[in-house]
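First comes one chain, alone, set out as structure tokens in the form predicted alone.
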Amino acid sequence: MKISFKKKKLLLVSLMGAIVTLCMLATPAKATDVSIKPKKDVYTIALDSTYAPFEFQDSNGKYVGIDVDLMNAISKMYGFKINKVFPGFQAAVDQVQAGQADGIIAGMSITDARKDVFDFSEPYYETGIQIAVLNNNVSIQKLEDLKGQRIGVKNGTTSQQWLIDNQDKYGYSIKTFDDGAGMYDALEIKDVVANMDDAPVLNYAIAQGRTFKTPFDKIPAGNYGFAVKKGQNPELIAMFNAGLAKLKASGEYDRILAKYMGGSEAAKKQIDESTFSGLISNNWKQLLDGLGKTIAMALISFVLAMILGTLIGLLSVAPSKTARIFSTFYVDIIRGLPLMVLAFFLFYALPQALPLLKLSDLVAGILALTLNASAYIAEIVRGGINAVPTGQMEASRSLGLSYNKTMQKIILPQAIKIMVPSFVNQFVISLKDTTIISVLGVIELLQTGKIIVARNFQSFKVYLIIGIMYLVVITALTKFSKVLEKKVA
């Protein structure tokens, strides 16, 4: 039986349709699927703070870089907003793991170990790692020359893992740094003989004036990827993959890379910051903002610590044995914990055990400063009260005054005169301790300085300016303390 041409045509079309349908069913949906939609209006994305050319502050104090531009472009493409935070690489990793941030893009290499705790996007940049030495170093020409030398590396990076894996082979020692700026400064002063870092970052530093050279070729180190906590925010990964594909197809991806690679105008300093005048004129707003946050953290935490510490101090001299035991226990626990450990516990560990107690970096920092200072203030209060002659209490009680009235009218007025200098001294200590809170990503004065140094590499000038700012504030507090002592007396 012959089949008509019309029937043949219909059969062929049906067969092709079936094949296409089967292919569609067998092939996973690509990231460019238009059905991908954000599940939240705003996502918090954590980035490094000092990782030029991927993220850094420009001379106007605005965060720019390859990672910043990629996230801005993709968020605009899919209609969601991003709250970008720049706590530094290790803090960014910790924030995503603790649920403080939804995702991380910070020049983060995709590794098997990291895949155990993160879900990664498609690679967006192929990288390598390199050794850098000072320009005048002629003794290191090959990896074997590193034997017996100390190498600087940034904590939590692929470079660090490579150095650890090859330490026995080449016989060097390792010194770990929290940020790139400190690591590069260590090489400048010869605290380390060489640094290992990602090749594009090293090349950027050299282009911006660092007196380094790379004596041998870069070592392949895989790819950078955008990441989320494993099993969470899959739509973010899908949108990043889809957006990245579109950016590459349109040529925008290449334009973003060209914008920052090789010291382009967008990445160069707009004002000469090699002089103190240029440095101050171009960064005074950031420095004052950092100082303002430092003073605000110190003031708020100290007021809260005064209230809590005074209460604990009064309990330490109370007639109740239970109250005294509680006070001793509190002081011993808090004073026995380093401030940084306490800050890490409040910000990273506590939310994992109790998700409802998720704190912002600033709140966690203030709370850590409060608890830390309250233990010392409690001891100041106890010491001040015990310094008042015991006969004062006995005489007052013999006249019929209650314990509370005696403390209020007789003991505390005398004790306060003794406590005032110690209170001011404790406030100065709290002011200095704010630098420790920068590990949570709070951009206080010291962290502001690190961010500026990462852009212009003027370590001596920047840290000298910051030191002078601290000195002025603390000297003013000391003068105020002396005036206050005279008035109280």
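Predicted, not measured: the structure shown is a model, and the values here were computed from it. Numbers for residues come from their place in the sequence shown, where the first is 1.
Heads up, the form predicted in complex with glutamine isn't pictured, but that's what we're talking about next.
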{"item": "Stretch from 150-158, 209-217, 249-257, 135-143 whose residues place a heavy atom within 4.5 Å of glutamine in the predicted complex", "value": "150-158"}
{"item": "Full three-residue contact with glutamine in the predicted complex, heavy atom 4.5 Å, for 302, 376 and 422", "value": "no"}
{"item": "Distance check, residue 106 to glutamine in the predicted complex, heavy atom within 4.5 Å", "value": "yes"}
{"item": "Contact test in the predicted complex: residue 229 vs glutamine, heavy atoms, 4.5 Å", "value": "no"}
{"item": "Glutamine contact in the predicted complex: residue 114, any heavy atom under 4.5 Å", "value": "yes"}
{"item": "Residue 124 within 4.5 Å of glutamine in the predicted complex, heavy atoms", "value": "no"}
{"item": "Position in contact with glutamine when the complex is considered in the predicted complex, options 89, 204, 184, 240, heavy atoms within 4.5 Å", "value": "89"}
{"item": "Residues in 40-55 with any heavy atom within 4.5 Å of glutamine in the predicted complex", "value": "48, 51"}
